[in-house]
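The form predicted alone is given below as one chain in structure tokens.
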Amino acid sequence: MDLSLSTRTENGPAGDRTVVVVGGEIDVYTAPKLREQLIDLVSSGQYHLVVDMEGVEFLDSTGLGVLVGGLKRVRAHEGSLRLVCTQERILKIFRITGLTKVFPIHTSVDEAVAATD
């Protein structure tokens, strides 16, 4: 299974948010593609990211590392990285690792874009 990525900009109450729609599997083989996408976005001045993981079928520790790295990059610029995920098998990974305390996790892109905290 490959990884699909697409980005778009959505305007929310707190300003523009870049939405990264991810599909497929985020694993040791595909995670570098996501890492490059996040690095490119931050390098181009986009510091408020929403990662839509509704299409993600599998996530391993490499994928978690990429998301944590992305969070560190945006925070260095006073930015934010929010996740959209309602799939129990993916949410369980965030709960087990304690990352639910690190990432704001939303049930929809609209909710994540509207969040101002």
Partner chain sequence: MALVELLLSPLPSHVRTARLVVLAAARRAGLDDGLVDEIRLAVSEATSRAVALNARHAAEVPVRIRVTDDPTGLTLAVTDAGPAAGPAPRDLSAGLLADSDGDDDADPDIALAVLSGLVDEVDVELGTAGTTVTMRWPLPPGSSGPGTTAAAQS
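All of these numbers come straight from a predicted model, not from anything done at the bench. Residue numbers count along the first chain shown, from 1.
FYI, the form predicted together with the partner chain isn't displayed, but the following is about it.
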- Does every residue of 8, 14 and 50 put a non-hydrogen atom within 4.5 angstroms of the partner chain in the predicted complex? no
- Query: Quick one: does residue 69 come within 4.5 Å of the partner chain in the predicted complex, counting heavy atoms only?
  - Reply: yes
- Any chance residue 82 has a heavy atom within 4.5 Å of the partner chain in the predicted complex? no
- Message: Please determine whether residue 65 contacts the partner chain in the predicted complex, using a 4.5 Å cut-off between heavy atoms.
- Response: yes
- residue 41: touches the partner chain in the predicted complex, heavy atom cutoff 4.5 angstroms: no
- Message: Pick out the residues of 83-113 whose heavy atoms come within 4.5 Å of the partner chain in the predicted complex.
- Response: 89, 92, 93, 96, 97, 98, 99, 101, 102
